[in-house]
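As structure tokens, one chain now follows by itself in the form predicted on its own.
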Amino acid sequence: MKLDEVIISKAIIESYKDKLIEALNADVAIVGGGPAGLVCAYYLAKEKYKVVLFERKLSVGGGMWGGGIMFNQIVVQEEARKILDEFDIRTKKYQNNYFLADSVEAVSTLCSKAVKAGCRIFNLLSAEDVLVRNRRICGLVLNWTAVEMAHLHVDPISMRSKYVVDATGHACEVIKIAERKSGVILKTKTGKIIGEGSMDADYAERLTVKNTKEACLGVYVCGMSANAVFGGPRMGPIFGGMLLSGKKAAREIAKRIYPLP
């Protein structure tokens, strides 16, 4: 049968339009498709919450793709290896408490499992602002990343969610917007973003999980965003804390989701 270019275009436009409209009201909106965001999305979607994830780049995976200095191997510790086992991602023991995984297998599997669990992922969309009602963040303001990069004056669209997750890594973009534009007082020692410190893999891995919590009303932080907001060092190419952080964020949010007024 002969293929028609217009039918191909209509199929893409109609199906994407329907998918995006459906995503405008969600239980949880995750910003950032790195390992922490993908793991968080998977565990929430697995429990049948309506989860959407927005990634500003063309591909998800964050820094996991490149491993260390573009050597596409990652390291996880024993506790986090159990999560990779659950995702059926192969690991190899290097020595006690150090396990290796192929970064490409890891990212592609995390993404696939999250989508198959029910998470809707939208790439090339950036969160440029937040919705605030009664001092609580209850959604996102979205625009195409290309619009942002080209500095075009194009108005955005908005979506609502019961919770937002900032999984944007070092930049902690959602919290930064909330602090700068909305005057939100954060649940940190200073009420503001504390910022990340220099590398300390052991301490950073532990703090990443400890700092995974609600940073302001309606927004949880996970992954490196948690250390950037609450203050903690970076950890380099060990990704166990990212995985554990995403799982913790999902667990904590699942306990607290309730209908918005």
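The first residue of the sequence shown is number 1, and the count goes up from there. These figures come from a predicted structure and were not determined experimentally.
The same protein also exists as the form predicted in complex with a small molecule; that form is not shown, yet it is the one meant from here on.
None of 228, 235, 219, 209 but one reaches within 4.5 angstroms of the small molecule in the predicted bound form through a heavy atom, and that residue is 235. Partner proximity in the predicted bound form, defined as non-hydrogen atoms within 4.5 angstroms of the small molecule, places exactly one of 97-105, 183-191, 162-170, 83-91 at the interface: 162-170. In the predicted bound form, the small molecule sits within 4.5 Å of a heavy atom of residue 64. In the predicted bound form, residue 224 approaches the small molecule with a heavy atom inside 4.5 Å. By the criterion of a heavy atom within 4.5 Å, residue 42 is excluded from the residues contacting the small molecule in the predicted bound form. A residue is said to contact a partner when one of its heavy atoms sits within 4.5 Å of a partner heavy atom; residue 48 fails this definition for the small molecule in the predicted bound form, lying far away.
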